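Shown next as structure tokens: one chain only, the form predicted alone.
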């Protein structure tokens, strides 16, 4: 996930603090350092939290201050890193059980921090409904991302479509650098096997998505 919005507010706070203390305005690098420290001091009160503050190279690029546009070289680097992150299931099969995928798409538990410790859970969920419309008639869905209703009906389930869908769920930045979509596989939130079930949920003709 990007820190751009958070940095905007923290940068404003840091700038305000500096302005109150002296007449000169800090340069961009100093302002960023101050904002980074403020974020760290506010959230890094346990090892579980601290790990979430360490950005990988792609996140660092995507968190440019001021919503600066990506350069062509930066976008290419993100795509390269994203593609290198993708792992496929040991079975080699990218198409699982749509019924399991249905459950995962509506399950939002996992990776939560409680009392300073990471939640102990056998299986995380994907909670696709938080950002996407899913099966026809569902009301409790989000609109941050595009509607997935009829996804398989519109695209079919060829090997190329299956592979694209798997990779998009695993690490969306492979196709859309700095997308708001979570990198569900690259961050280890979901396993390759879980992602195969979500692929089936999107593509299987019997899935509620395609009814």
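Numbering follows the first chain given and starts at 1. Not measured: the values here are computed from a predicted model.
Keep in mind that the form predicted together with a small molecule is not shown, yet the notes after this line are about it.
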The small molecule contact in the model of the complex: residue 150, any heavy atom under 4.5 Å:
no
Look up in the model of the complex whether residue 26 has a non-hydrogen atom within 4.5 angstroms of the small molecule, and give yes or no.
no
Decide whether residue 156 counts as a contact residue for the small molecule in the model of the complex under a heavy atom distance cut-off of 4.5 Å.
no
So in the model of the complex, does residue 75 come within 4.5 Å of the small molecule, heavy atom to heavy atom?
no
Are 33, 38 and 40 jointly within 4.5 Å of the small molecule in the model of the complex, each by at least one heavy atom?
no
Counting any non-hydrogen atom inside 4.5 Å, which residue from 162, 169, 186, 61 sits next to the small molecule in the model of the complex?
169
